[in-house]
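Only one chain comes next, encoded as structure tokens, the form predicted alone.
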Amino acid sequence: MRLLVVNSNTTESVTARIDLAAKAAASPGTAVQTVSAPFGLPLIVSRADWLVAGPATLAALAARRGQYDAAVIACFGDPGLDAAKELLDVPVLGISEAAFHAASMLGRRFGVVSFTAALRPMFEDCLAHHGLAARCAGFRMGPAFAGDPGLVAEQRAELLVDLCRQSVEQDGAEAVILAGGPLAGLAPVIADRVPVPLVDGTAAAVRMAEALVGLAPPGAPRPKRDRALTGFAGEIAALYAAP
């Protein structure tokens, strides 16, 4: 099986982290290709960033259409996810979508932990969109961050361990999500220091994507109206063209 993983920001060091985590989670025989957004921002933090990241994510997916059996949007907040599900003919998952559902199966209530509180409004919107807000025990977030997003996992590892423990001990979380593409791969490193399951959204999305390909293999292309989309990348405009 061929799996495309799209980092919705433009930071190559984050893409490299996501790639390692995705390949570690993939089953033998799954070929993983991880790419950065072709344009946009170095880190997706706010609702405005999320909106900008949607077309960039779609452009990356559309540019490689026909080259993958499933795709993962590796940005917590899942920019462009609903559009991708509608326009593409293969399963597409977001890492927050996958993490929320995985955590809700690992415990009755789950916590969400990340490296900066600036992300919280976007994460809350995404949680509500996926319909699992009632299962969330709460958010534990770090202070403002302005460094290299490719290094934040190591730089704030101790803080993140403390936040995970607070989520368990004070909020009653029975599973904890490490939220954010820049934190990909950190969960297995610190898992023995947190007394409940830790969920890595990238790993969860990769494994669920593999399952969905088996459950719902690609069929005939979805019917599309031939519509002229102007001002966007040609790859995105092609998604609106009749097959």
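Residue numbers here begin at 1 and follow the sequence given. Every value quoted in this text rests on a predicted model; they were computed, and no experiment measured them.
Just so it is clear, the following notes concern the form predicted together with a further copy of the same chain, a form of the same protein that is not shown.
Trainee: Since only the chain is shown here, I'm wondering whether G40 would be in contact with a further copy of the same chain in the predicted bound form (any heavy atom pair within 4.5 Å).
Mentor: It does: once a further copy of the same chain is placed as it appears in the predicted bound form, G40 has a heavy atom within 4.5 Å of it.
Trainee: Classify L119 as contacting or not contacting a further copy of the same chain in the predicted bound form by the rule of any non-hydrogen atom within 4.5 angstroms, answering yes or no.
Mentor: Residue-level check for L119: no, no contact with a further copy of the same chain.
Trainee: Taking a further copy of the same chain as it sits in the predicted bound form, is G185 near enough to touch it, meaning that at least one heavy atom pair lies within 4.5 angstroms?
Mentor: No - in the predicted bound form, heavy atoms of G185 and a further copy of the same chain never come within 4.5 Å of each other.
Trainee: Test of understanding: in the predicted bound form, would E154 fall inside 4.5 Å of a further copy of the same chain by heavy atoms?
Mentor: No, no contact at 4.5 Å.
Trainee: Judged by heavy atom distances of 4.5 Å or less, which residues of 80-119 approach a further copy of the same chain in the predicted bound form?
Mentor: Result: G80, D82, A83, K85, E86, L87, L93, E97, H101, A102, S104, M105, L106, R108, R109.
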